[in-house]
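Just the one chain here, laid out as structure tokens, in the form predicted alone.
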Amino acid sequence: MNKEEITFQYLLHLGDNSLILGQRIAEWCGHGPILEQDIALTNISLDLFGESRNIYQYAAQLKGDNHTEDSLAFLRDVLEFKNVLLVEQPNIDWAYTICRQFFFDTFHFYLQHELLKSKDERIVEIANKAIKESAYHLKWSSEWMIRLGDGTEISHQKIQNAVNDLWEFTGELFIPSEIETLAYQSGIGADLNNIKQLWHEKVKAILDEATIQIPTNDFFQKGGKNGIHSEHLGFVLAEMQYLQRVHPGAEW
């Protein structure tokens, strides 16, 4: 596999995470608990869509063969997506949404800093643009973790349940796929080991402040990076890709 193909495949890892999580939290638009947080979460969704668009544009240029940002987002099937299982998990309630967001935001924030070390100038540009947004996302979700965990008895129990249930999806963030390993060895991708240590330190600090117990479970789900997904992703793609598949190439 040549360097251009490694870069293309690695970009799909990055873009798919942002796209699918962006689509997931977009489901909250108009349904947030209060107007301010409805708008905040919708803006985070737009940030993630913007990042995925920048990534797919670069990937499409590398791939050629009439690929576009839209074809990469809307015309690939479930098995072709490389996002981690965490980001495709359903919202369920506000606590689950916040917890999923916090786990990913922490990873995403440190990932952008690692990508600044990439030998690929375009990846550095994309990461540099996303850093300020990811910093805000992490601040926002961290504050909500603390608010729910150190709030009422009910809010504490709900966020603790979310942490307990979603914890098993966090390990995959740091289990490198073959492409991620090749990308790192080529100087293109991030060092997941560096991110793992920083992630655990930040997560522990926030959960301690929120009086939330860290699960002791050491079993972690995996497979998303290799196209093996939960049943949830199919439903996400069915809704997200509907218009493009019914009206191929449609433009406003």
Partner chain sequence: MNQNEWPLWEVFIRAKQGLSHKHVGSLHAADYQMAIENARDVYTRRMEGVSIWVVESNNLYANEPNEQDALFEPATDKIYRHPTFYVLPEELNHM
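This is a predicted model, so every value here is computed, not measured. Numbering follows the first chain given and starts at 1.
Omitted from view is the form predicted in complex with the partner chain, to which the following refers.
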**Report entry** Candidate from 201, 218, 191, 36 lying within 4.5 Å of the partner chain in the model of the complex - any heavy atom
**Finding:** 36
Requested in this report: Answer with one of 167, 144, 109, 81: the residue that has a non-hydrogen atom within 4.5 Å of the partner chain in the model of the complex.
Outcome: 144
Requested in this report: May I ask you to state whether residue 119 is within 4.5 Å of the partner chain in the model of the complex, using heavy atom distances?
Outcome: no
**Report entry** in the model of the complex, residue 214 touching the partner chain (heavy atom, 4.5 Å)
**Finding:** no
**Report entry** Residue contact check: residue 136 to the partner chain in the model of the complex, 4.5 Å heavy atom
**Finding:** yes
Query raised in the report: Do residue 140 and the partner chain share at least one heavy atom pair within 4.5 Å in the model of the complex?
Result: yes
Query raised in the report: Looking at 59 to 67, 220 to 228, 179 to 187, 38 to 46, which one sits within 4.5 Å of the partner chain in the model of the complex if you count heavy atoms only?
Result: 38 to 46
